[in-house]
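Only one chain comes next, encoded as C-alpha cells, the form predicted alone.
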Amino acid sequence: MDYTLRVGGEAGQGLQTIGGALAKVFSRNGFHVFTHQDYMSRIRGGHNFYQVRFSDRRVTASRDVLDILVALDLNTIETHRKSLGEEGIILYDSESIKKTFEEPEFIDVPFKKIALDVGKNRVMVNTVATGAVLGILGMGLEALEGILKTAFKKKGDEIIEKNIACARAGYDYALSSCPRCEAFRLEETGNRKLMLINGLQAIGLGALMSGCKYYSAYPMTPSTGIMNFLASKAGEHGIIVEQAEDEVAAINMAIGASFAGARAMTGTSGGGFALMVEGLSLAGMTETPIVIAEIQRPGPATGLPTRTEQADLLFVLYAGHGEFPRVIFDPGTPKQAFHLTNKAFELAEKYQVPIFIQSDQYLGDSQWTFEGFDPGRLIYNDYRLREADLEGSGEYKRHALSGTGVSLLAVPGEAGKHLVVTDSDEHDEKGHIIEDSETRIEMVRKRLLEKMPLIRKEMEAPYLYGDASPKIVLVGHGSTYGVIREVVDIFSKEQKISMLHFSEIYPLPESDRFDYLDLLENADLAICIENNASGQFAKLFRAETGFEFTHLITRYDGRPFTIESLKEDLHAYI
C-alpha cells in the first residue's frame, strides 16, 4: 500500500490544517508518512498544495502521481487533474467552486453545507474535508478526534464537539457516496505509533538536547521554523530566544552569548546570511564557538523565497574575509538533522570554530515518520573552564599556542583572578592587538593549519546504500537523500547500483575508514545529483579530491526532485 494525497487551494484556505491533521492521523495509526509543501510567497491567494504520502512501508520522497486530490478551488482541479492515477479520485465541493463534474473520478462532497448545517460555522469546512478523506479510506475517526480535542482545547467543549460532529458528517457522506472507494480501504497496522517530525523541528530539537541556551535570529523563510520551535520550548527549558532587528545583530548577539559562556546558535536563509558574513569572520578570528543554521531557498535576493534549492553551498564555504576553519553539515533526513546539530555543538565547542547546519526548504518543511531518535547517541562535553578548573594554574592566555590549535576556553567573569581577552584584530596569545608578522604567522597557523587536520578526522564517511560493488553510483548530499534512495531501490532490480550520500561535506572525510574514491573510480558510471544549476557539490568534490563527475543531474526550478522526475532524468544514462 502506497498512497499519495494532495490538498490544493489558495493560501488562507486551510491546506496546512487539513494536510497536517491527516499526516498526524496516519502516523498515529502506524503508517509511514512523508509530506511535502509547495506554497507561494504570499499570505492569501495564489495556488498552494500540501502533499501527504503514506504507506505501510518506509517512504522518503515525494511522488508525482496522485491517488486522492482534495480540491478546495477550481484552479486545483485544472492544475492537478492530469497528475491523477488511473484509479484516483477527486474530492470537491461543487457549490463552493461553482462547477459540477460528472466524470467517475469526481466525488462531490458539500463541505460548506455540512459545515453550516452541523457546525453552524463555515470555518469548519476543513474539518469536514478531513473527515471525508478518512471516510474514503475507511479509517476510524479516533485519532482525528484526539487531534481536534487538543487543537481546540482552549476554545471549549462546544467547539470541540461541533468539529467532531463535522468530521463525522464528512466521513459518513464520503463513505456512502463512493462505492468504488472500496479499493482504497486501509488495513490495520497494529498498535504501532510513529513520531512525525520535519527537518526544522529536528534541528531545533537537536539544539535543545545539546544544551543550547541562546538562539537569536531575524524571521526569514524557510529558516523561521527553528526559531518558532525553540521559542515554544524556551520557558520550559530555560532558553533565551531573541528576535533580532536584522541578521547583523542576530549573529553578533549569538557570538556575544557564546563568548559569555552560553551554547549559542543563530539561523537564517541565503539573503540573511549575506548580512551575517562579517560576523562569521569575527567568530573565526576570535575562535568563538557558534552554530549557524543556513536553510536554503532560490536566490539571489528574494528569488523564490518559499521554494527550495541547494545553491548556497559555495557561498557558505567561501563566505567571510580572511582564512579560518569552518565545518558544513548537510543532513538528508530529520533524524540526521537532529544528530548533526548535536555534533555541530560538540565540534564548535571542542575546536572553537563556526559550524553550519545547511539545509533547504524541502527538508525543512517535509515531515517524516520515525520510530524514535536515539538519545543515547547524543554527545555533551563541557569544554568551558571556570574558576575551579583554573585553580592553581598560571597566567591565563585566551589564545595560547598549544600545538593543536586549540586553546583553553575560559568563561569571562567566571574565571576567578584570570582575565579573558580577545580582539577582532590580529592578537597575541593574551588576546591583545598586534601588528608584527611573526605573531600573525603563528596565529594563522594555530587557528587554521593546525585545527583543520584534526577536524577532518572527526568527519564521518558518506553513507553507502545499495550494491556494495556498484557499476552505477548516484551521489548526492543533503535533502536529495530520500529520493535517490528510493530510485536506487527501483533500479536495483536490474542494475548493480548504489547511493553515496554525503551529510558531512566540509571538510570531506578522510578515506581511511571507507575509500569512497576507490568506489567511484571503479564504477562504470558516477552521477552527481544536485538541486542547483551548476553542480556546486561536484565542484567542491573535484577541488578537494581531484575526482571529476562525468555526469550531472541538476534541478533548479525551485522544486525538489520527485521519484518520477529523477527516474526520467536517469533514463538518459541508464
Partner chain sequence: MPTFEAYEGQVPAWCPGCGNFQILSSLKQALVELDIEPWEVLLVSGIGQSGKLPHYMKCHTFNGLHGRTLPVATAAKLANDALHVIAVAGDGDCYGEGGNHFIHAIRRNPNVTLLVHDNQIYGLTKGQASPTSDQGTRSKVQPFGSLSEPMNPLALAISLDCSFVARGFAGDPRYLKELMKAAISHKGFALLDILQPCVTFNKVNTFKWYRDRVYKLEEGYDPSDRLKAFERALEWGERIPNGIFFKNNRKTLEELVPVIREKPLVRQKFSPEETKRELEKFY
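Positions refer to the first chain, counted from 1. Source: prediction; values computed, not measured.
Omitted here: the form predicted in complex with the partner chain. The next part is about that form.
Which pick from Asn121, Ser424, Thr189, Ser83 sits with a heavy atom within 4.5 Å of the partner chain in the model of the complex?
None of the other options qualify; the answer is Ser424.
Which listed residue (Pro300, Gly416, Gly322, Gly146) meets the criterion of a heavy atom within 4.5 Å of the partner chain in the model of the complex?
The option sitting close enough to the partner is Gly416.
Of the listed stretches (171 to 179, 108 to 116, 327 to 335, 229 to 237), which one has a non-hydrogen atom within 4.5 Å of the partner chain in the model of the complex?
Heavy-atom contact with the partner occurs in 229 to 237.
Within a 4.5 Å heavy atom cut-off, is Gln243 in contact with the partner chain in the model of the complex?
Flag for Gln243 set to yes.
Report whether the minimum heavy atom distance between Arg485 and the partner chain in the model of the complex is within 4.5 Å.
No.
Can you tell me whether His432 touches the partner chain? I mean in the model of the complex, with a 4.5 angstroms heavy atom cut-off.
Yes - in the model of the complex, heavy atoms of His432 and the partner chain come within 4.5 Å of each other.
Flag Gly279 as yes or no: does it have a non-hydrogen atom within 4.5 angstroms of any non-hydrogen atom of the partner chain in the model of the complex?
Yes, Gly279 lies within 4.5 Å of the partner chain in the model of the complex.
Are there residues in 355 to 375 with a heavy atom within 4.5 Å of the partner chain in the model of the complex, and which are they, in order?
Read in sequence order, the residues that approach the partner chain (within 4.5 Å, in the model of the complex) are Glu371, Gly372, Phe373, Pro375.
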